[in-house]
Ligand code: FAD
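There is one chain below, alone, in structure tokens, taken in the form predicted on its own.
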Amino acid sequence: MKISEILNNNRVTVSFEVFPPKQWDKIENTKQIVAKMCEDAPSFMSVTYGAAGTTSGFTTEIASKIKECGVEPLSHLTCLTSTRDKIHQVVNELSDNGIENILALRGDIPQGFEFSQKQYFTNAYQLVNEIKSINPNFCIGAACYPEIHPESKNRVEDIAHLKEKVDCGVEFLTSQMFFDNEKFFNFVEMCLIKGIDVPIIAGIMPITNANQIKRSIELSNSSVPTKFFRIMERFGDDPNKMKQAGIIYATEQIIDLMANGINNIHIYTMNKPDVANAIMRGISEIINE
């Protein structure tokens, strides 16, 4: 089933993200994690793509396992460090495995990387066009930043780039993590004003240890409310307390989003089935529509 169909049925959706291992000998362990998460019946599950495509084959393997467990997979695909031949290979590989949903991403710029005239892909919309040219039957999503992409000059430029992706055929957007719901509400309103009317999925990251927060901010360009800083100050030195506090904070975020009409939630699970399960139990009656 296509993700667009799942999102457009006017029901609450909660999806998970997992990442593949860096070494092949860890693949079975990751498959066990996937199987455990599928027991919570997420609406779909996305699987990330390795840095510079290093684990692209692993991505397909994990996506296939998700499908085997009865959950619809969404495969990430990045293009910045890929050739056209590589993109064609991966897209055809996904199609051959019955996977029909792709999250099209430019990808992070590797340290020391320099753009050159030989660079074929420099933006995500180019990848969207390429996927459509290979197989127009794929359902394609893209990423968005509630608090502006780190490389954008301002919100106007950021929304313009986002509109460019949607105009190329992107059918849904998944947001980077955020910790202040008001930022997301304002972002969704701005998108609607600019004619971006595809479903926007709210990306939630449960911060279960204090060391996560710095890296999370770097990746998402997100601000952290005073409320959350106080949680870290009080509980950050105690792993068990911080884990519980992080799960509760994320759960409260999700409840507030749903109360304000946001029906599509994506949880960045960090491959932690117990965290995903705790959140799902915390909202079990709320999503039972």
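Because the structure is a prediction, the values reported are computed rather than measured. Residue numbers here begin at 1 and follow the sequence given.
Although not depicted, the form predicted together with this ligand is the subject of the following passage.
In the predicted bound form, this ligand sits beyond 4.5 Å of every heavy atom of Val90.
Taking the partner from elsewhere, Phe16 is found to have every heavy atom lying beyond 4.5 Å of this ligand in the predicted bound form.
Although the partner is absent here, Leu105 sits close enough that one of its heavy atoms falls within 4.5 Å of this ligand in the predicted bound form. Shown alone here, Asn123 lies within 4.5 Å of this ligand in the predicted bound form, counting heavy atoms only. Taking Thr208, Asn181, Ser175, Asn101 one by one, only a single residue has any non-hydrogen atom within 4.5 Å of this ligand in the predicted bound form, and it is Ser175. Just one of Glu147, Asp158, Glu130, Glu171 comes within 4.5 Å of this ligand in the predicted bound form, counting any heavy atom, and that one is Asp158.
Residues with any non-hydrogen atom within 4.5 angstroms of this ligand in the predicted bound form fall in just one of 191 to 199, 74 to 82, 132 to 140, 91 to 99: 74 to 82. For a residue to qualify, one of its non-hydrogen atoms must sit within 4.5 Å of this ligand in the predicted bound form; none of Glu28, Phe58 and Gln212 qualifies. Contact annotation for 225 to 263: no residue has a non-hydrogen atom within 4.5 angstroms of this ligand in the predicted bound form.
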